[in-house]
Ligand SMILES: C[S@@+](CC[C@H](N)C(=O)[O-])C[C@H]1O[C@@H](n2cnc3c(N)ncnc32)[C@H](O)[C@@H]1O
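A single chain comes next, written as structure tokens; it is the form predicted alone.
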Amino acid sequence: MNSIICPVCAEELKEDGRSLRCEKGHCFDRAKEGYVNLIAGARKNGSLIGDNKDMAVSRRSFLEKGYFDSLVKELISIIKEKNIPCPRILDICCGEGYYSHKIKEAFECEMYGFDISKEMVRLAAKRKNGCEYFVANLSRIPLKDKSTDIAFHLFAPFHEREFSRIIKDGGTLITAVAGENHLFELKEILYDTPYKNDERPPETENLVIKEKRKVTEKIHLSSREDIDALFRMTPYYYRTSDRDKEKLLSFDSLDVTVDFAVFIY
């Protein structure tokens, strides 16, 4: 717990009953699920920030079926190679906590996860897996400078300043982006001229890419519900017309390529 700082004054937050409190008196109560909302000020409520409850539940249901477990295995492999005794690990933009949960199962570690969506963090905290989850903004991560051994960041906005600040010197950031063929079969259904992804890593000056790995496999989506859940997890959902979205309604199952580019900084 000694890594978390106050989002108001940046002093260390310490346990105080069911709350976290800093020396200057700023106090943040734990929700009944165990997470803490560390977004300060007018946006603290968070009810309209990030993914809503239906989206969070849909994503959890999809991931729990193991469709992206090839990526989970790669994350575990990379962390294992670092060979750090009880590392402090951060799941950046953790969503409903699937990846941090799997890593916590695989390692003796100090695990943190945060997301701007309160609904996502609520689901993550319900796992009761020993991870410390909190609601926070990517542009102001409430962790101490140079406090994190390994951070992973999957399909989310990149914030070099904050990532550089919280990761220890010699530490590791793992970033995953969509590979060139990711969900290509889905795009073939939706669009007249489907395109491949550019697979470029986020640009950075302070962090150095040491390695790139590819994770690719074909998965079988066994229901219309799973097809829809996967589609809603992508940025394509918000860029596709209602007319084109209806093209998916005729499919009760689908074989689709999942293709991830994993960059190790």
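Numbering starts at 1 and follows the sequence shown. Note that this is a predicted model, so its numbers are computed, not measured.
This next part talks about the form predicted together with the named molecule, which is not shown.
Comparing 102-110, 179-187, 131-139, 76-84 against the named molecule in the predicted complex, the single stretch with non-hydrogen atoms within 4.5 angstroms of it is 131-139. In the predicted complex, none of the heavy atoms of residue 38 sits within 4.5 Å of a heavy atom of the named molecule. Taking the partner from elsewhere, residue 94 is found to have a heavy atom lying within 4.5 Å of the named molecule in the predicted complex. Interface membership of residue 154, defined by any non-hydrogen atom within 4.5 Å of the named molecule in the predicted complex, is confirmed.
Taking non-hydrogen atoms only, residue 175 never approaches the named molecule to within 4.5 angstroms in the predicted complex. Taking the named molecule as it sits in the predicted complex, the stretch 105-127 comes within 4.5 angstroms of it through a non-hydrogen atom at 114, 115, 116, 117, 120.
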